[in-house]
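Given next, in structure tokens, is a single chain: the form predicted alone.
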């Protein structure tokens, strides 16, 4: 130590290494990564500007009725009436069903991976969950249409026969088909958002203080008591953030809902087993190919609505997850 302190050249080299100016390669790498990170914000801003410019004529002509009205007539030679109320309500309804069904599955899966599976099995399960999150929506939509719809229709029939006295599970008509309903669309959305919520919840669970959990187990608490009284209260903020991230994808889901749900402007307020409903993103996809110039402006306005809502939800979710991660640490 004394020889090092007595060597001024060594101290000078050490100071240069620790606090000296960065090399040219470091500065170039820092500049490239900063540019790539900021480009995402620029891209989002450009998309927002494009949607606002394209949607402004429709929003100006329709006014607030565009949000809450329930008529869509945009044929050539007629005065366009473009009102998105049923589709907006349908998006909220399907997203709520998906969150209600998917959140318990996601939390249970995250708990299984972090606290119950051996390390090798946990790594395999994590990889599978991450791969599921990357599946294209068209694949899940086709799976839902061909494989899952008959199963969910059977569940819908059981709900209608046992709880049909409750208005939510009632169906109008003498021969219900139990398909093409918000209930089935909600299940498909739940399958899509479970990996997202699971990934966030697993990350929060993995950063918890293991001594707190082991102490509760040592005092005789069972797994359910530890989960309900220790894990969930500590990590509820992160779980909420993951749920909001899943909600952002659920609101903007397009192809899967279009495959399994019959779009209708006859607004369905609460009967989730009725074969009618809608979603903003699916409606845009269904109408875009045959849209007139005026209807194109209306569809851009619809895209602006769903873009802004999704952006707000994802921003809130990111803030909650980051805050919860720091608190858990």
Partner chain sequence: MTNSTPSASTLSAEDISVWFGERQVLSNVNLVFPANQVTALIGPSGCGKSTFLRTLNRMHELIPGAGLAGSVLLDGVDIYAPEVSPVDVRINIGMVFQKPNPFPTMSIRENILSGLKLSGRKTANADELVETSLRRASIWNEVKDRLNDQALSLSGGQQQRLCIARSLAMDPKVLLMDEPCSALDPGSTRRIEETIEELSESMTVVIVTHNMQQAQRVSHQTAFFLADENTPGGVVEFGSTEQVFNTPVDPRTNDYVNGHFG
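Here the structure is a predicted model, which is why all the values come from computation and not from measurement. Numbering follows the first chain given and starts at 1.
Not pictured, yet referred to below: the form predicted together with its partner chain.
S.K.: Looking at 145-153, 220-228, 98-106, 181-189, which one sits within 4.5 Å of its partner chain in the model of the complex if you count heavy atoms only?
M.R.: Residues of 220-228 come within 4.5 Å of the partner.
S.K.: Decide whether residue 209 counts as a contact residue for its partner chain in the model of the complex under a heavy atom distance cut-off of 4.5 Å.
M.R.: Looking in the model of the complex, residue contacts with its partner chain include residue 209, since a heavy atom lies within 4.5 Å.
S.K.: Is the gap between residue 234 and its partner chain in the model of the complex 4.5 Å or less for some heavy atom pair?
M.R.: Within the cut-off, so yes.
S.K.: Since only the chain is shown here, I'm wondering whether residue 251 would be in contact with its partner chain in the model of the complex (any heavy atom pair within 4.5 Å).
M.R.: Residue 251: no contact with its partner chain in the model of the complex.
S.K.: In the model of the complex, does residue 214 have a heavy atom within 4.5 Å of its partner chain?
M.R.: Judged by the heavy-atom cut-off of 4.5 Å, residue 214 is in contact with its partner chain in the model of the complex.
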